[in-house]
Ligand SMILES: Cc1cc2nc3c(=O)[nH]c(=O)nc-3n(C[C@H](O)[C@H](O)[C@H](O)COP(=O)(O)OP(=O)(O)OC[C@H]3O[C@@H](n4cnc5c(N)ncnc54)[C@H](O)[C@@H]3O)c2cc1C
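Presented below, as structure tokens, is a lone chain in the form predicted on its own.
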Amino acid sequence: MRYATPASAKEAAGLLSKEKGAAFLLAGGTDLLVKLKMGMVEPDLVVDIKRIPKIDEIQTSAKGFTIGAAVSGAVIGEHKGLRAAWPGVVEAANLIGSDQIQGRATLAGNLCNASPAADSVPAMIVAGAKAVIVGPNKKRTVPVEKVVEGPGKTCLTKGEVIEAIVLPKPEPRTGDAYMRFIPRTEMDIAVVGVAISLKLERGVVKKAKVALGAVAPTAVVVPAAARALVGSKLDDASLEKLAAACSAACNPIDDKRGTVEYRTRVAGVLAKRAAKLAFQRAGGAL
């Protein structure tokens, strides 16, 4: 196995594209190292991106935030600007694993692992996050909801790497929230995850976006759930419509963590709770 430490994302992309054997990217390593120890993968080449300048930094501008692909969950959780702008994204990122894992795990890695139950993905989707993807010959920016195409599968082609996750500056009176249900108190995979972002105008929901995790092969955006909230002050009728739309959008599996019926029901319950929290964060009064 060979080990490389490129000085740029483009160099990393070139190394990956030219490799004829099995090549893997190393950022936090919380997924790759587990797979290595379990014998699930046998890399011919490991490309460590942590020495690329600024790839482990969060940059703030008038347009929002650029989170480098090697920024850990722990660093995200300590960033005051991110916590104030997108608390739901920060909460979701900080649910990935234990304190030890938080010191290594990254948003880009959680996205590229392409698990249906990834906590950060629904939260990033409702926040309007985009992935900056660098290839050997070009760079492209893709909405997070279009990156994951199925369990373990992304839109990245051979040689492409995610350089950063970009989050926009939230509009005034915007609030987001992410909630999940797990079988144990901590460190388990989500049975259901719900992310909601709301923008208010004069106490009424003007814009909304709803995404579900762990209830389908990929995170699911639910336009019908968003429509149920727009024009409301989160009255009981709108919340019931939200819950019904979220449950209807579910296409889960039966496994040891929950049945299809259970996941479907929980999706609606969590959606109402997440909507209330997002509403309060946007400055709404319940």
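This one's a predicted model, so the numbers in the text were calculated from it and none came from an experiment. Quick note: we count residues from 1 along the sequence shown, nothing fancier.
As for the form predicted in complex with this ligand, it is not shown, yet the points below apply to it.
Colleague: Does the 4.5 Å heavy atom contact test between L26 and this ligand in the predicted complex come out positive?
Modeller: Taking the distances in the predicted complex, the answer for L26 is yes, it comes within 4.5 Å of this ligand.
Colleague: Does at least one non-hydrogen atom of I162 fall within 4.5 angstroms of this ligand in the predicted complex?
Modeller: Answer yes; at least one heavy atom of I162 falls within 4.5 Å of this ligand in the predicted complex.
Colleague: Examine S197 and determine whether its closest non-hydrogen atom to this ligand in the predicted complex is within 4.5 angstroms.
Modeller: Result no; S197 lies far from this ligand in the predicted complex.
Colleague: Given that the partner is absent here, does G128 sit within 4.5 Å of this ligand in the predicted complex, heavy atoms only?
Modeller: Contact check for G128: no, nothing within 4.5 Å of this ligand in the predicted complex.
Colleague: Within 4.5 Å of this ligand in the predicted complex, do A69, I96 and T106 each have at least one heavy atom?
Modeller: Each of the three qualifies.
Colleague: Name the stretch, out of 219-227, 56-64, 29-37, 252-260, where some heavy atom lies within 4.5 Å of this ligand in the predicted complex.
Modeller: Stretch 29-37 is the one.
Colleague: Work out which of D188, E171, E149, E78 lies within 4.5 Å of this ligand in the predicted complex, going by heavy atoms.
Modeller: None of the others qualify; the residue that does is D188.
Colleague: Give me the residue from V205, L156, L82, V166 that has a heavy atom within 4.5 Å of this ligand in the predicted complex.
Modeller: After the contact test, the surviving option is L156.
Colleague: So which residues in 99-126, when you check this ligand in the predicted complex, have a heavy atom no farther than 4.5 Å from it?
Modeller: Residues within 4.5 Å: I101, R104, A105, T106, A108, G109, N110, C112, N113, A117, A118, D119.
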